[in-house]
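One chain follows as structure tokens, the form predicted on its own.
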Amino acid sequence: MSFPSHDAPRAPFASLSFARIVTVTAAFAAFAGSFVAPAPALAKTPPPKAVLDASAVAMPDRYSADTAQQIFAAGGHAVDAAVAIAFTLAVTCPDAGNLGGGGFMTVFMDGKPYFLDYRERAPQQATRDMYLDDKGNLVPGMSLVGHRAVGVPGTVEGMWEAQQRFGKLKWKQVLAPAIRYATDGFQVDQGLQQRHDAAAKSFAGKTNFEAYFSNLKAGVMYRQPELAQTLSRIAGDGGREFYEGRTADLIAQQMYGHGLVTKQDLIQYKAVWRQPLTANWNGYQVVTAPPPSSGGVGLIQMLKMKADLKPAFDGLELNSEPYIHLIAQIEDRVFADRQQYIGDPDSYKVPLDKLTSDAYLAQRADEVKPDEVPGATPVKGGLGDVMPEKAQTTHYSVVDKWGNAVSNTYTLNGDFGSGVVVDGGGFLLNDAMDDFVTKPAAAGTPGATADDLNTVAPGRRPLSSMTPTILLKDNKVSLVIGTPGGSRILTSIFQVMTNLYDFNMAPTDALAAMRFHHQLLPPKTIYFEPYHPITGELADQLKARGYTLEGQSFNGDVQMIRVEGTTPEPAADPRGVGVGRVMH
């Protein structure tokens, strides 16, 4: 059974009786017999001319890089590759790659930028206080683990929509690599086993996670026959099968009596093409994610404020104590604005023009002082602790030889999402509902209006930090970049871009350099990474300034491609197991 687009034209003569069809057909045949038009010459469309020396990808694993290579070899372009990669990662990266999650895709195709929002949505039965007990206290874990944590998935619809709009290859071709990995298997690495082992403890006794994933052990050739069947149904019947066919029935059955997502929620789900957020910076055009992502706004704000503060930064060594202090003050203001002004644009008008305007950001930059004591001056906009958004996302970057590009970030939210596997479907469902404010401010509380921007509401998309970004120079791709990392996404991308363009580092060096994170709340806290911890004299200097240093378990996994002239230069973050590959 196939599921055609709702916009498909009606079949010819659909409203005519058989007798009228015969009459009309006979009359047309008589007319055609009296006049034979010359056959028009078939116009030959020349293949598009390559503008780059090669195509390139920066992938989170080698299997997705192999998939991209197969798609390019078959004549596919950047979007074909991006869709095929998404389905492959749903098999080989089950902790973050997904069918049951959602995300954002920034596209540059045939000289024009696009943005596709396929973020999860709250089910229609969702309510503002659904995670509170009868005393108004948050029920521990309810928005994180199990059926009630699940939002309506968007990934399959997003990939279907992208392929329908731009795809060159057939739908079945782009799903073929994923089906093969699900059927024949892929080899589990040590990192995936470690993530499985940690997740299994939190899901124990609460979900059916281990019934499907207990054999995720390093060195095992891991096969997923139920997932292969699901992918085959989607390949044969189209992306809407996930929302209207057998797979939708399986999801609804899994949710029934436990969660809130219904078959009707799935039928109603649609990905949304939004206007990408753009800004001019240092002679480049930044093309990035608009709301419901906060990341694009924050990235543009950080880039512009740092440029405005050039005199203060002149002569400062990268990641020195005074440098980190200035960046932290910029980040205070970015995260204050994030909390105060950004939510789902379908339910709230976000003041984007003001938040990214040169005048407003110059005013914000003017508030930053090199000698300011951390936390001494309250920064307007805070609403309590910044959401502990999950870091376990995945990102990939693609550039083809015709100059098209895709930057795609998608997620199950936490590692392996909610831990709920769709029985008979073989895929995990997200815990995206935890990205809402799950314990809203009480009515009448100062700031409650802004707090309501990201509370649970039927059909609403939760706020995200995912920031798939493309940089253009003279309307040609210069950089494709993104990363997982929750609220650390925008600060990580900002630091890598700064390393590249302000400090003129090579791509591999820009990725390998130390990264840190600060946000408005908790105040005066600098987070450092295991890959490059803040220690010794630098740690002492920051503590003397008044900062608290705190380690984090997450390193980041930036995947980027810089284009120099006609040469793409892919680079994978040394913190992960990603692959950068050039394909001639």
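Please read all numbers here as calculations on a predicted model, not as lab measurements. For every residue, the number given is its place in the sequence shown, counted from 1.
The protein also exists as the form predicted together with a small molecule; that form is not presented, and the subsequent description refers to it.
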Note: the small molecule not shown here; in the predicted complex, the stretch from 226-234, 411-419, 341-349, 121-129 having heavy atoms within 4.5 Å of it is 411-419
I'd like to know whether Pro484 contacts the small molecule in the predicted complex, with contact meaning heavy atoms within 4.5 angstroms.
yes
Using 4.5 Å between non-hydrogen atoms, is Met466 touching the small molecule in the predicted complex?
yes
- Query: Do Asp435 and the small molecule share at least one heavy atom pair within 4.5 Å in the predicted complex?
  - Reply: yes
**Request:** Indicate whether the small molecule has at least one heavy atom within 4.5 Å of a heavy atom of Thr393 in the predicted complex.
**Result:** yes
Checking Met159, Ile489, Leu428, Ala289 against the small molecule in the predicted complex, the residue with a non-hydrogen atom inside 4.5 angstroms turns out to be Ile489
